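In structure tokens, the next block holds one chain alone, the form predicted alone.
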């Protein structure tokens, strides 16, 4: 199966308001896709539906042909926007927990990335800055061998000096049969690593194209087009 993710007429309603409306989408393998849109556009709702954290009101979606659930959780590594780790834990304890919980977790890869970023595995989260915690979370996600990585604002809280390393980490730690769905507001910082982009607006897809198509057709960067469309 070439399609990794398929959505068909996917909608999610909260009360009388649709957060996502009639979204049809197919994502292939070996791609880095930017999921872009202003606050309230439906990005987080779509991400939670893919992860099985929400159930569609209408329509359906599949990951590797499977409805989101227990089986797809093994195939998806998800980096949420907010910190989810317990403050009292040391990094070494978190690595042990992840290696026990996920049979596709690569401890050696995680230790190498920690070393590259100068993070001591003996250090506890409560002593870390917000940016360092976010680096640890990204390392945990990228140390799993999965089909789909979903990263929600992976570089939003880190210093600019670390962004290049983090982007290189993302590029070098997933295999060609996997894809990355990356949501961020820092479009200019990540545009060069993207293959495709999806613009979400008011819960609907307003654009789905390759970066090369956008540059050729519009004569401008993704960041420039985004600012024009959403008047940023």
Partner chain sequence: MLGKLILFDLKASSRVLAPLHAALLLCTLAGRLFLAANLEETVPSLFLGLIFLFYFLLLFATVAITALFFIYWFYKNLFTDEGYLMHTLPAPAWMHIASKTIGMVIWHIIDTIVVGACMLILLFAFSPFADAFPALLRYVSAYLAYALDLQEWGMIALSVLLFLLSIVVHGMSAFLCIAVGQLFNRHRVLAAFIAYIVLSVIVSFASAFFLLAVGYDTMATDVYVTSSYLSELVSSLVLSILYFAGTNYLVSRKLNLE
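Since the structure is predicted, the reported quantities are computational estimates derived from the model, not experimental observations. Numbering follows the first chain given and starts at 1.
Only in words, not in the display: the form predicted in complex with the partner chain, which the text now covers.
_Heavy atom within 4.5 Å of the partner chain in the predicted complex - the one residue of 107, 122, 127, 86 that qualifies_ = If I apply the 4.5 Å criterion carefully, the residue I get is 86.
*Quick one: of 51, 201, 178, 64, which gets a non-hydrogen atom within 4.5 angstroms of the partner chain in the predicted complex?*
Of the candidates 51, 201, 178, 64, 51 is the one lying within 4.5 Å of the partner chain in the predicted complex.
*Taking 4.5 angstroms as the cut-off for heavy atoms, does residue 80 touch the partner chain in the predicted complex?*
Within the cut-off, so yes.
*Can you check whether residue 94 is within 4.5 Å of the partner chain in the predicted complex, heavy atom basis?*
Flag for residue 94 set to yes.
*Would you check, heavy atoms only and a 4.5 Å threshold, whether residue 188 touches the partner chain in the predicted complex?*
It does not: once the partner chain is placed as it appears in the predicted complex, residue 188 has no heavy atom within 4.5 Å of it.
*Non-hydrogen atoms within 4.5 angstroms of the partner chain in the predicted complex: do 162, 165 and 226 all have one?*
Judged in the predicted complex, none of 162, 165 and 226 sits within 4.5 Å of the partner chain.
*One stretch from 54-62, 33-41, 180-188, 201-209 that, in the predicted complex, holds residues within 4.5 Å of the partner chain by heavy atom*: Of the options given, it is 54-62.
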